[in-house]
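Heads up, what comes next is one protein chain in two forms, each shown on its own as structure tokens, labelled structure 1 and structure 2.
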Structure 1
Amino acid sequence: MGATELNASQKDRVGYVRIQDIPVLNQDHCRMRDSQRVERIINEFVCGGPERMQVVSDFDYTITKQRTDDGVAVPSSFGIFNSCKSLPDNFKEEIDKLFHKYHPIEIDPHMPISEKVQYMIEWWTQSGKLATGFAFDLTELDQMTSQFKHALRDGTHELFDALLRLQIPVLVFSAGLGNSVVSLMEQANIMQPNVKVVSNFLRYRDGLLDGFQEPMIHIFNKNETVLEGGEYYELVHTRDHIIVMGDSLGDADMAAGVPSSSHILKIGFLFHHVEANMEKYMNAFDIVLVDDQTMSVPQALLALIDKRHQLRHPHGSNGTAPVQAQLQSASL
């Protein structure tokens, strides 16, 4: 059903979803630039069902919280790695210097993205050079990530369980360290067969670290164009209903490369420099959630899709049984 087909008479029919009837979208911390557009896309999703859905999500501070309930900051996937005790002291010192130099640039609300890109490439390139020439046992990383498996947004397990049940593919796009991402997700039991991770993974040579595997994924180049030609892309590129979730402005473009006819709903989690960033986030995302440490909004959207799906398929089949097996074998 096209957007132009949702005329007034259809809006009056039973089953049409209105923004005012979705409680989580009517909270003070939930902002929308164009609520009518959001309403239209939601109804496209509900009518299209799970067969046409995919989810593309950032990891750091999107799947994980931006802060814990007691206000403690949650470390990033790179931060978890950098905390490993066996890493050389000089590595930790130099990595810390890079963080304090480049992280303020990353979250600077006044610097244009076009200027930030080169700094991010420098940050990732220099980090890769530092992570070279010494041994590292990945089991230590597992021990570190286990400490943060409870730092996921409230409702994350329920959301991922529903996505698995409905066989909706989930692409986790992370500019962080993929080894930490996968380890944490496995220990939190959300690394399901319908989930794929694209990120920066450690590379080894002769038993020693040798930087990161190619291609480099930084905060402003992670989008579905890097998947073209792969089996995962072939599996999901026809799924034209997409929920995108992220906490940085670069995350809003993670669905770039999908057909222009796709219906994309972008959810942005805003925490840093709220007032200074608000206008840019409102322009980049369809829904902006201010200091929301939950998955309540994507859960509510999925519940609406699931409810309509159950009415159509009361016996529980969505006609996509092969998808899970395809996802398990798909190569990135």
Structure 2
Amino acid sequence: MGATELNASQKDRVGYVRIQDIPVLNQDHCRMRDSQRVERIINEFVCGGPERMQVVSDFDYTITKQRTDDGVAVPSSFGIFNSCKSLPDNFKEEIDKLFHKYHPIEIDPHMPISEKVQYMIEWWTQSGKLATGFAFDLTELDQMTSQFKHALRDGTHELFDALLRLQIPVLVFSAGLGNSVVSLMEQANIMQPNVKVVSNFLRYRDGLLDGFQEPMIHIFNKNETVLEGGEYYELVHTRDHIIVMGDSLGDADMAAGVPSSSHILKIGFLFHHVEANMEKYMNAFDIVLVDDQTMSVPQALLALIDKRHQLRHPHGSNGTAPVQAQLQSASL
């Protein structure tokens, strides 16, 4: 998008980055539909520097692993909440009924999205209604999430440390349960001031649960259009170099709503039904990583951006506006 073709001599100039010189992008399990386009965008990112970057990431099975070393399955953010022991007896039963009714609709390959949206709104609304009228102590959620703080992709800490050092805002977008997401990220020490979680958070009224806070984030509005006009959008919308990371096809659209002149690099983690899904993932994402349980690719991209930045600002001043402290508290 917008990137002009460079001729061979321009590519030979000092500092131009070539895909063949980035080892993680040359691994067998790293696939690209259009490696020239990826190369162009990476060079835009490196030239633009950290002050033009933002990261938008899904949470479940993108920040957490799709497959753990010990084979223990990592529950989703809703799954973590649903397994809390103090929830009323009928809660789990009713929430499972909803899952069995609506999940087949969510993954139905024949129903058009326009038709699915209403069902998904119904599902999230009814889940919220079930989570109403009883006490729930959030420390129970912390106890549950602490069991899974080691289930983040390898290199997640290093990635988040680099993003903080470079003052790059990170938006974690989840149509799951925000309280589980934040709790797990806090337990794993990656809930830093440059990180904002946009998701569904439990609401309390008179000490009892009262469903989810507005706005509802479901799988079909999980993109930057729900942020438009809000404080967070104002803080990041000038950052037009965007890395998007996700494990579901729909995650590829999370940056929808940013200005069309933006350069967006989409990284997709593919694990289930690799052969059947490959074509769709290759069309939706710029880089498809097959059964990769690490953050090596985004780390390598940041290292390139960082290296050029250090050359330009050897004394540590990065010229970045100090917006990070406001990010977490920014309203939508």
Ligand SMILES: C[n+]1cn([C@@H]2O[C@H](COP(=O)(O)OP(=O)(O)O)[C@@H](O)[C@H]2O)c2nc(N)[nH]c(=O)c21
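Definition used throughout: the rigid core is the maximal C-alpha set that superposes within 1.5 Å between two forms. Structure 1 provides the reference sequence; residues are numbered from 1 along it. Computed from a prediction, not measured in an experiment: that's the story for all the values here.
**Q** Quick one: identify the form predicted in complex with the ligand, either 1 or 2.
**A** Comparing the pair, one sees that structure 2 is the form predicted in complex with the ligand and the remaining one is not.
**Q** Aligned on the rigid core, do the two forms place the Cα of L98 2 Å or more apart, comparing between structures 1 and 2?
**A** Shift at L98: 2 Å or more after core fit.
**Q** Does D240 show a Cα shift reaching 2 Å between structures 1 and 2 after rigid-core superposition?
**A** No; that C-alpha moves by less than 2 Å between structures 1 and 2.
**Q** Rigid core aligned, does the Cα position of L138 differ by 2 Å or more between structures 1 and 2?
**A** It does not reach a 2 Å shift.
**Q** By how many angstrom is the CA atom of D108 displaced between structures 1 and 2 after fitting on the core?
**A** Value for D108 between structures 1 and 2: 5.9 Å of C-alpha shift.
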